[in-house]
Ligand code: 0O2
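In the block that follows, a single chain appears as structure tokens, in the form predicted alone.
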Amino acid sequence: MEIQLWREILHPYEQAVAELVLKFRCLRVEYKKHGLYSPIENVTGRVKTISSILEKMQRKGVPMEEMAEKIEDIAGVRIICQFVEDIERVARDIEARSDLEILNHKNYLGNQKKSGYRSYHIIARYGVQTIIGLKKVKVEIQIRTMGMNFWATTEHHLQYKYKGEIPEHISAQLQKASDALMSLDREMSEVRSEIIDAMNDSRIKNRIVKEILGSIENLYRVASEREVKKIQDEFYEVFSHGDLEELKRFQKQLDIIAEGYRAQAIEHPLLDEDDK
């Protein structure tokens, strides 16, 4: 097949990967904008190289005219989660999407491969708009924890190096590493709620600090510089304690002060700097 034809064939897959990576990253942002914990930590994507596609077709005995239907991972999107529990949440989010037609699930979590590979795969069909109309392509969406992804990436490199025939002693080491990462995932799950609470507190703190600084900046327009500096110094003192509840109380007090100045501005709209 000519290179130009391969480019035409793979372009819809490249477009599908680019669009889905963007959409899942936006989903992560949406969780955070609503002040929620995001089960998505990172999103990446890739289209298989021509040589990888040809090797897989040869290995599976797939003729060229059946490539699009039988090679399901030409387009791949990988979603990385912090915890095993997040994988199920992400899978539900994907299944609820109207822009994806779910075709199949491959669960290698509780039923890991002999090699030690663990992941959750969703095979879906996704439509992209091209200059010649709608083109639907298959996409494999892999959902893993960070530990699973580290192991799978390492194993993939070794498979490539040894052309699929990894020496027995290295396979044994990989299995041992997989067991260790599974144990780590279990331990992280046990403290998941504590970690999520800490992350939520950090997000809330960042939001409150941003709002307080915005309020102090606005006060410079209606209050004396000396008074605003006093409020600012009080804020830095409260912030240095690192107490979230104390920071919330300070914000409420600042809101009362700001409201008082807004009321004054309504009563005396022509007040200028010399009259303060």
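For clarity, every value in this text was computed on a predicted model and none was experimentally measured. Numbers follow the displayed sequence, beginning with 1.
Below, we refer to the form predicted together with the named molecule, which is not included among the displayed structures.
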Subject >> Which of 206 to 214, 57 to 65, 22 to 30, 226 to 234 sits within 4.5 Å of the named molecule in the predicted bound form, heavy atom basis >> reply: 57 to 65
**OP:** Find out whether any non-hydrogen atom of A152 is located within 4.5 angstroms of the named molecule in the predicted bound form, and reply yes or no.
**Re:** yes
Subject >> Interface membership of Y162, the named molecule in the predicted bound form, 4.5 Å heavy atom rule >> reply: no
Original post:
Is D185 a contact residue for the named molecule in the predicted bound form, using a 4.5 Å heavy atom cut-off?
Top reply: no
Subject >> Proximity of D86 to the named molecule in the predicted bound form, heavy atoms at 4.5 Å >> reply: no
**OP:** Just give me the single entry in R125, R97, K106, K135 that has a non-hydrogen atom within 4.5 angstroms of the named molecule in the predicted bound form.
**Re:** K106
Subject >> Proximity to the named molecule in the predicted bound form, single hit among K113, K176, H169, R92 (heavy atom within 4.5 Å) >> reply: K113
Original post:
Of 117 to 151, which residues get within 4.5 Å of the named molecule in the predicted bound form if you count heavy atoms?
Top reply: Y117, H121, E140, Q142, W151
